[in-house]
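Only one chain is given next, in structure tokens, and it is the form predicted alone.
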């Protein structure tokens, strides 16, 4: 599986972080010496992806602006001998950035559809901004390794975490068919359900923030979108497309090693800040 493109859906309003996010996108909140969004872009770069599409909402243009080349700033840093800062800025010079807008909040699948025309490769990585993976290997690294192990070119891969039973209603929960004989963390899936009640959850393995999806899945999202337009359920969800295509394409889950940080809540963000101190 050759991966050259990644989509980062970051159009959410960040209401849990108001009033801060009235003027500063949540994804630009600092973790260590760089914003949250830079950690995600660095993760994509770590597996050789240099074509990145941001799905943003109006008013969040500062997110791509952070990565744009600033010749005047670079010249001033060079003049002052600030080579360390200059190196940090120039590592993004080779990225091919693309920006699309999600003007309505109609689900994560709807966000991905805004980038559908941009996708050219047979598979594309998806990184949701609330999740960061700390460990020897990033979430995307582990998904890519699973794709190589299974020799899968046209399927999908999702990152998994074992979540507390009482929190299954917050996640997409998977049912496992079998583990790969060479890596018990790589799991062939036979079912998925969105946010089940703890008493009805088929397992405690929840989907968390990283995906490799085939280009064909965008056609399924389009079909779901047409159906949702005439139904009470207006959202277009990525998990619904995966469930729809599960009988037709191989879908694997990767029970990721390392620690996942949830920066989507003030409580989770505070914990992440402590780790990066």
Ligand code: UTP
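The structure presented is a predicted model; accordingly, all values stated were derived computationally and were not measured. Numbering follows the first chain given and starts at 1.
If you look for the form predicted together with uridine 5'-triphosphate (UTP), you will not find it shown, but the lines that follow are about it.
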property: In the predicted bound form, residue 24 touching uridine 5'-triphosphate (UTP) (heavy atom, 4.5 Å); result: no
property: Contact test in the predicted bound form: residue 107 vs uridine 5'-triphosphate (UTP), heavy atoms, 4.5 Å; result: yes
property: 4.5 Å heavy atom contact, residue 161 and uridine 5'-triphosphate (UTP) in the predicted bound form; result: no
property: Uridine 5'-triphosphate (UTP) contact at residue 111 in the predicted bound form, heavy atom, 4.5 Å; result: yes
property: Sole residue of 171, 133, 128, 92 within 4.5 Å of uridine 5'-triphosphate (UTP) in the predicted bound form, by heavy atom; result: 128
property: Segment assignment from 215-223, 64-72, 248-256, 25-33: heavy atom within 4.5 Å of uridine 5'-triphosphate (UTP) in the predicted bound form; result: 25-33
property: Heavy atom within 4.5 Å of uridine 5'-triphosphate (UTP) in the predicted bound form - qualifying residues of 1-37; result: 9, 10, 11, 12, 13, 14, 15, 16, 26, 27
